[in-house]
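Next comes just one chain, in structure tokens: the form predicted on its own.
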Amino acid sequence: MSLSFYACKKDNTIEEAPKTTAYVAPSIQNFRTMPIDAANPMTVEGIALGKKLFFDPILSRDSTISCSSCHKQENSFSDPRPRSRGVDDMPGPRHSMALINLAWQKDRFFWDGRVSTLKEQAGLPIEDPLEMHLPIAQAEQRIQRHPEYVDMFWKAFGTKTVTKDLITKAIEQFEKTLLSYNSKFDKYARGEMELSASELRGLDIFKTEKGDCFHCHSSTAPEVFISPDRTFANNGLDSVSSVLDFADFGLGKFTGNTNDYGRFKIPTLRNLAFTAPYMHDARFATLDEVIDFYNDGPKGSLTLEPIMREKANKRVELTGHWGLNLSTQEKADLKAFLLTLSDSTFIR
């Protein structure tokens, strides 16, 4: 694809914009084809601009932090801190989500689903008082004053006028190139590598009723390990007897539906070796703690994910135990499998 635009030079002659170079997504075995957004076609020039903006603190009020400050590559574009810190060292309300294979993620973004598109997600932190806290008009003016940026906008979008729409389009394009597909599990799925006996046992636990993981983290969507038909859930972190007792209303704050209170976006399981701490509130420092939580069983909650309640009730009937009741060896096997989803090439 190539796009041609025109602009007037100072002498009123017409200047034709350089043609853009279409981004060609890699063909990844066992992955679904990357979805294409006709409203924001990915180009080499747009991605380069988005990458520069992602790592540049110019988008924060005091020019001290960038998108990459809270989405660090060495942590799989997440944050090792329980709460990311914005300008003036202001703590955010939740842990930063990892940015991995975002082109395949759908059904709203952020832990609480406050926006419907990745492009909106790219723009919200700029003006958020707890994050970069810069009015978008000032961001446009700042970038407009930099000749290098003006040239990059010209090459990417055929205009020398910086706008919020184009800023967020560029960042969205870059974020969609954050592709992870070289984990041990990926190589196993491609027939390039074998899993150990422990990892294979863990895979069996993961994809069967033994572990019940697959209901929310389906291996049939290997790009993200999020079930296509279940993208938000209340996983029973807290015992809540009234919908008003949730410390964080999650999705319900934006839908206004009390059935959504305490429901959060189901995170990808990719690169768990690099994305601690875990959960929207970072309450679990280690993967062992996460497994122990599910092994003990979810807490009672009015909006607990129905499939979790159903499976937990069945376990009570059979074993008298609401949790998974995995043995020490089974927990170790499950952890071994989950760590095969980590891709060390992605963080480098």
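Everything quoted here is computed from the prediction, not taken from an experiment. All residue numbers are counted from 1 along the displayed sequence.
The following text describes the form predicted together with a small molecule, which does not appear among the structures shown.
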Position in contact with the small molecule when the complex is considered in the predicted complex, options E140, D204, E120, D212, heavy atoms within 4.5 Å: D212
Selected contact from L166, C216, L200, L179, since only one has a non-hydrogen atom within 4.5 angstroms of the small molecule in the predicted complex: C216
Residue stretch of 152-160, 78-86, 181-189, 239-247 approaching the small molecule in the predicted complex, non-hydrogen atom distance within 4.5 Å: 78-86
L130, heavy atom within 4.5 angstroms of the small molecule in the predicted complex: yes
Interface membership of P267, the small molecule in the predicted complex, 4.5 Å heavy atom rule: yes
4.5 angstroms heavy atom contact with the small molecule in the predicted complex for K51: no
Touches the small molecule in the predicted complex: L302 (any heavy atom, 4.5 Å): no
